[in-house]
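One chain comes next, on its own, written as structure tokens: the form predicted alone.
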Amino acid sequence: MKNSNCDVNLRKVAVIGCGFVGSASAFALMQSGMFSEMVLIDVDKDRAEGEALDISHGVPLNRPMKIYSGEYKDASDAAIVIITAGAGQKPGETRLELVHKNVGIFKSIIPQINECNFKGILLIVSNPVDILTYTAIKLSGLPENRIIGSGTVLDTARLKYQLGQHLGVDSRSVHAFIIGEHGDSEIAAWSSANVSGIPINSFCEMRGYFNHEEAMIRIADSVKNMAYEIIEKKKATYYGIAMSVKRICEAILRDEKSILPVSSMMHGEYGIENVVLSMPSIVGKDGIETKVPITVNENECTHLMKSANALKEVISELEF
């Protein structure tokens, strides 16, 4: 199905990078039924071809779909290009320590996408995602609304899961966000958290929990450190982020106007400029429509500024 206005095939997706995250995302997208065509691209062409073959063998058990390995030119008409390429995070390594390696990789990838006259949405998943989304904005020349970082969608899912477990309630009824950096300076926005409209502290008391501050610190720290724990135990994280990628693609392809905490450029919100952070945003067919100004208290706002400054410090060392 073509969108004749902009030469975009709304049923086609491309995944650049076929490591654990890329291949898990491709598998999740194959199962989703959203797309009828998927191209996998990797500097290791055999890896891309192997993943395409392996995933395509599930097609007869799911829905018709063409899955193949290809080149950047094959992604030119994709509705969404997902970039997961980059060096993986090693045990004990922070996401920000990955930055110089992966910015270098993006300086190779983005120009090749530019050469294709790409008209779709660019979804950045590689870490550190905020820095690399900023890099993609600076290198691509695409409108900012069409460049989305996966941001804290996964962190927010982890927070909702932990709160659901803590309170003995369906995590889908928990409404709470992790904002700021996808990383060590991320912030749990407790002041806007609720369970089906009931303020989080009131719901906690209803379930017999009264030590709010202790619980908030423990749960937020658990969410922040979850990736390190998983990497320590199994060397990589990929299933959770694959589901996050699928969720963002759903919001775009179905024009859901869903509110998701994705990474985008800040333009004065909360006094923050010229840095990419995760904030709740309305996501639809054109990418990011607008940010949603959730309630944050003074302490959360201070930490958000610190998160922005930490990222700005890294950005200042980069050349574009």
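Fair warning: this is a prediction, and the values are worked out from it, not measured in the lab. Residue numbers run from 1 along the displayed sequence.
Not on display, but discussed next: the form predicted in complex with a small molecule.
For the residues 89, 171, 185, 194, the 4.5 Å heavy atom test against the small molecule in the predicted complex is passed only by 89. Checked against the small molecule in the predicted complex, the candidates 109, 176, 249, 223 yield a single residue with a heavy atom inside 4.5 Å, and that residue is 109. Contact annotation: the small molecule lies within 4.5 Å of heavy atoms from the stretch 119-127 in the predicted complex, the single such stretch among 160-168, 119-127, 210-218, 136-144. In the predicted complex, at least one heavy atom of residue 154 sits within 4.5 Å of the small molecule.
The closest heavy atom approach of residue 72 to the small molecule in the predicted complex falls within 4.5 Å.
For residue 105, a non-hydrogen atom is located within 4.5 Å of the small molecule in the predicted complex, even though that partner is not displayed.
In the predicted complex, residue 18 approaches the small molecule with a heavy atom inside 4.5 Å.
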